[in-house]
Structures are given as structure tokens and as C-alpha cells.
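Just one chain follows, in the form predicted alone, and it is written as C-alpha cells.
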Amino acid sequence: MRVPTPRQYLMCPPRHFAVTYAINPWMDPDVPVDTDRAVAQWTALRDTYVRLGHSVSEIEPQPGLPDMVFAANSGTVIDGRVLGARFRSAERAAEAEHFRRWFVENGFRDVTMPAETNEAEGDFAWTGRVLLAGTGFRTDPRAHAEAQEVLGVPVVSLRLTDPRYYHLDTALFVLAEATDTRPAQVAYYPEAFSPGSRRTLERMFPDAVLAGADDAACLGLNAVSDGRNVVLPVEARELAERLAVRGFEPVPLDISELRKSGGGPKCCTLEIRK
């Protein structure tokens, strides 16, 4: 039996969601966006977390920052230490300060804003023992060393090579964190990574769940797991079947409106690890 672990999440309602610029291959300002539908899908995601026993805090969205809904890109929190974000694109740069203020106002005392470009949990995935760190499109590889220094955890660098999977969280997610008696488990899409990174993942996670091209193409790996329940896009049917075989409980949700900006369940979800 897989046992879920209660989690604490930070999310941002998409009341100002829109696609007014293009900073990844998923974004097309000419494609209409239904903000009300995005809010409804986001609300279903938040309510699902609560139903599964997790706690959700919310940060106030800001006008002119349509991608602020993607809270995962704005901080990495491990053992109460916070490493903020430094965005590569000018369009999102102002988000970092709003999230920094939220952490300070909510009692976090160890908050560091980075010198190097990092897009937080978009490119950082905590396995319970090691921080997997993506690079190739957004996060500067120098930010990996900075994360190790600030957060005090070992870091393993992974290079992304397909622009559709511009963040690590579009190509990999942690199914279950490592414990004293069990190694971490992950799911990932091998073709999103460089050959050396693939070999690294194979060595570190020989029992990983591997996703196919169709599941990757609907951002099926932009998923959130509590060790048992896996919240993922409804279109990722084959991945859901593979997870069920391994004893996980897939929780499919429609997140299609937010996918117009290249986001999914994980993009909307920043985990607070105290």
C-alpha cells in the first residue's frame, strides 16, 4: 500500500490569466483564452488538493502578471529555507518580489533572493535527498551551485534539449520522496533530456515510470504526487495506467485552458516544505 503524505501548497488564482506574449512554444497570443474557464479549472485543482487532505494557501494575483498563476516558478522551499526566483523573461520578472513578500509576511525568516537566473520548482525537483536541477532553456546552470549553497542540499544537474519541455517540471516529477527504507521514485520523459542526463536518470532511478511522447505532449508529466495520489492532466491516459500498475492512484483533471500558456497542475503548485 502506498501512503499519501499531507502537503502544504501555495497557489495563485488566475483572475488575470491571459496569453498576451509568447515565451515558450505553447503560447500563442492569437489563440483566445477563457479566463473564467481557467479560474474554474484552477479552483477544481485547489479543491482536489483539499479533498486529498492537503492544505492550500493563496497569494493575491496582480494585474499585468498573467503568468503569476504558475506559482511553482517563484520559489523553492526545503526545511523552511526559501530560495526565491529570478526569471529569465522580463515579462515575469516582477512576480519574484510579490512572492518574496508573501514568504516574509507569512513568517519565513530564511529567505534568499538569487543572484543567478532560476525559475524555482519549474526547474528544481526535490527527491527527499537530492535536488534535481534542470537547465537548457530557463534556469542558468550556475544557479544549481547557488541552490546547493542556499538550501544546503546536494544538487544533480540535468540538461533539457527539447524546447517544448523548457522546464524540468514539464518532463519529470517525483512520485515518492526517499525515506530511510525506500529510494525516491520518479516519472520522466527520456527524450526531453540530453544523452548524459538520460544516463544519469537511469542510474539514479532504475525503477522510474517512463512516459511516452503522447503523454509528454499534453504536459502529462506536469503532475503532483503526494506519494499515493497523482494529480495529472486528464489527457495523459497511458501514463495514468502505468502509474496505477505501480500502485499509485491517478487523479485526472482538465487543465486545458492553463495549458495554453504552457502550464499544468505542477506549474500552479508551489510546495512549502517546512
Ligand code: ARG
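Predicted model only: the values in this text are computed from it and were never measured. All residue numbers are counted from 1 along the displayed sequence.
What comes next is about the form predicted together with the ligand, which does not appear here.
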Next on the checklist: Contact check in the predicted complex: 24, 170 and 261 versus the ligand, with a cutoff of 4.5 Å between any heavy atoms. Do all three pass?
Outcome noted: yes
Checklist entry - 227 to 235, 64 to 72, 28 to 36, 207 to 215: which one contacts the ligand in the predicted complex at 4.5 Å, heavy atom to heavy atom? => result 64 to 72
Checklist entry - Which residue, 100, 144, 138, 86, has a heavy atom that falls within 4.5 Å of the ligand in the predicted complex? => result 138
Next on the checklist: in the predicted complex, is there a heavy atom of the ligand that lies within 4.5 Å of any heavy atom of residue 166, even though the partner is absent here?
Outcome noted: yes
Checklist entry - Might residue 134 be said to contact the ligand in the predicted complex, defining contact as any heavy atom within 4.5 Å? => result no
Next on the checklist: Does any part of residue 270 reach within 4.5 Å of the ligand in the predicted complex? Heavy atoms only, please.
Outcome noted: no
Item to check | Residues of stretch 38 to 56 in contact with the ligand in the predicted complex (4.5 Å, non-hydrogen atom) | outcome: none
